[in-house]
Structure formats: structure tokens, C-alpha cells
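A lone chain, given as C-alpha cells: the form predicted alone.
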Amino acid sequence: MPEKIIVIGAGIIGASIAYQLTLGGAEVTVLDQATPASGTTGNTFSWINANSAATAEYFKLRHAAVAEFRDIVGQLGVEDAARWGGSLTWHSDPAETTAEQAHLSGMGYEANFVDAAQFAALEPAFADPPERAIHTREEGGANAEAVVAALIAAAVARGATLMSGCAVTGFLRNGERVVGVQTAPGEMRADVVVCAAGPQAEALLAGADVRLPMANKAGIIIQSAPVTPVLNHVIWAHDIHIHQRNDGRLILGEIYSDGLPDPAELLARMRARFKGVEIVTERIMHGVRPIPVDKFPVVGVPHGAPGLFLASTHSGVTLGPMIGKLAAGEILRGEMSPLLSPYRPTRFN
């Protein structure tokens, strides 16, 4: 079993892997160029879901990940960091909504249609409900920063070391094998190096001749000041995405505009949906979504770089705790999960 492991990145994926590694008895050092959850994890919509699954294999991973998220917040004692109200989703084209419901149901997911009257009963404060939407019950929204804080605290309590403000600039090798990292303070050696560097992973790995083609996408998330509960579900529509956390904050995003959406326009859309509710902007967050070029996760050891373990994906909030559990099992005990078999980095190398 590897005894000393470096984890690059303290977002939800890196934090989850670090925590699970400490449960397995490893000596773990977490390196982050800034602070935990300050990158993509702290600037994301944080919808916990199995909705966005293009294949049956990806659905199995995402569905298992939703259950794992429930388990991990309970294990860490931060149940309030997730709100499990389910979701309501629809497209501008009703035919797309119909096709998506058929796709989800065909994979065995509980995804049922609701009409405008049923929608209004589920979300009485939401103005202008669609004629038809897809209702799921298992999903939720998260306070991902709180989850990461709990994961890091639990890992540190079990002996892990967190080094914030420590950027990794390269990898150390002994022949082909990766044996550590180069940082501004100096060299650091380990039995295994885990790269969970989010949007920075492609450039960092290129310096080690490891190919990880990414199609990262910038986005804007708006966080409101706390308001009285007005929303029960995650809302995911063609023009707006909203969920309300247990702390009362509304989280607002949208990914369909060409380029970055105008924050003022997004706020106008949200206020139109909740007439009579005073909504005050608390934060406007600019983030970059790490998206592998084929839109599927990349988890495992790349060709030609033993000692290096990659973990990169979009939907990191949903998948992070599950990837952490499976990655630790593989690194420490050689347990190769079939859930990860389609997503190995060797498909690019």
C-alpha cells in the first residue's frame, strides 16, 4: 500500500480523495494554489443529480454518486450542506423535454411529467410555470464550500497536511515513474501523486507529457443574500437555473448563452420568477468548469506515468464524494471499480 500521497487541488474532488485516503491510513498532503474550494467548487451551481447522463454507464455512476453524497454529509455531520427537494427541469422545445423524460425513465430513473397546475402546487412562489416539466425526487442542491471545509477538516484531524497557497509547477520522475512534485517552496516526494487540479490540470499535465484534452467553459453564478424560503426544488430551465440552500441563499446560473450571460439580465429573470420577494445580490462568482473534451470523467493512472493518478470531471460536486471513495480504494488496495472502467485516462494516451 502506498504510504505517502500528495493530492493536488483542494476542491471537492481533491478533498474527497484526501479524506478517503486518510480513512485508509495513508499519509496525505493536500496542495492548493489558493485555498480549499476557492476555485471551481466555490463558484459552481452545485446541483446534485443524475439528470445529465448521456449513457447508461454514466447514469450508473451519477446515480450511485447521488446516494454517496447523502452518505458523506451524514458521515461528516454536515447534513445542512445539502437540500434534497428534487428537481424540476424543462427545455424551450417541448419535444426535447419529452425526449429527455423518456431517456431518464428508460434508464430506470424516477422522472415524471408534471403540468403547469402540478408545478404550481410544488412551487407556489414561482411565477409563470411551464406547460410541462420533468419532476425528479432524488436530487438536491449543495453548499459545496461547506462540504469541502468538512472534508478537509476531517482529513486533517486524521493526520493530513493542508498547504494552501502552494502551487505545483511540475512533476518529479524516476525514469517513467512520477515520484513527487515541484513547488515554489521546493521539491516534495511521494509514493503516489493525485492530480485533481480542475481547470489547470491540462496545462500542468502537459509539462509531464500526459495528455488530458479539456474543453473548459467559463460561467457566472450569482448568490443572493438569505431570503425567506421561496423554492423547494432545483429549477433547471433553458433560460435560468435556481436553487435555494438551507441557509436561505438563492443560487442562480445559466449555461446556454453564447459567451458569459449578463449578471443584470440573470437577476432580472430571477426577480421576475419571484415577484414580491426582495432579492439582494451577495456575490457574483466567475468560475471555470473543467470539462474533459468528450464530456466524461477522467479517473485513473495515465499511460506512461505510473505513480500519477488523475481525477478530472465536470459535475464535480455530484461526483466528487463517489470519485473520492473509488479512487482511494484503487490507490490503496488496487480495487478497480466497474463504475470507473469507461473513464480511464488511457483513452487519451
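Residue numbers run from 1 along the displayed sequence. The model shown is predicted, which means the values in this text are computed figures rather than measured ones.
Unshown form predicted in complex with a small molecule; subsequent notes refer to it.
> Any of the heavy atoms of Gly324 lying within 4.5 Å of the small molecule in the predicted complex?
No, Gly324 sits far enough from the small molecule in the predicted complex that none of its heavy atoms falls within 4.5 Å.
> Does the 4.5 Å heavy atom contact test between Thr40 and the small molecule in the predicted complex come out positive?
Within the cut-off, so yes.
> Contact between Ala208 and the small molecule in the predicted complex at 4.5 Å, heavy atoms?
No, no contact at 4.5 Å.
> Using a 4.5 Å heavy atom cut-off, state whether Leu21 contacts the small molecule in the predicted complex.
Outside the cut-off, so no.
> Looking at Ile221, Leu250, Leu88, Leu212 here, can you tell me which has any non-hydrogen atom within 4.5 angstroms of the small molecule in the predicted complex?
Selected option: Ile221.
> Heavy atoms, 4.5 Å, the small molecule in the predicted complex: which of 190-198, 70-78, 260-268, 123-131 makes the cut? Say which one.
Contact-bearing stretch, as computed: 190-198.
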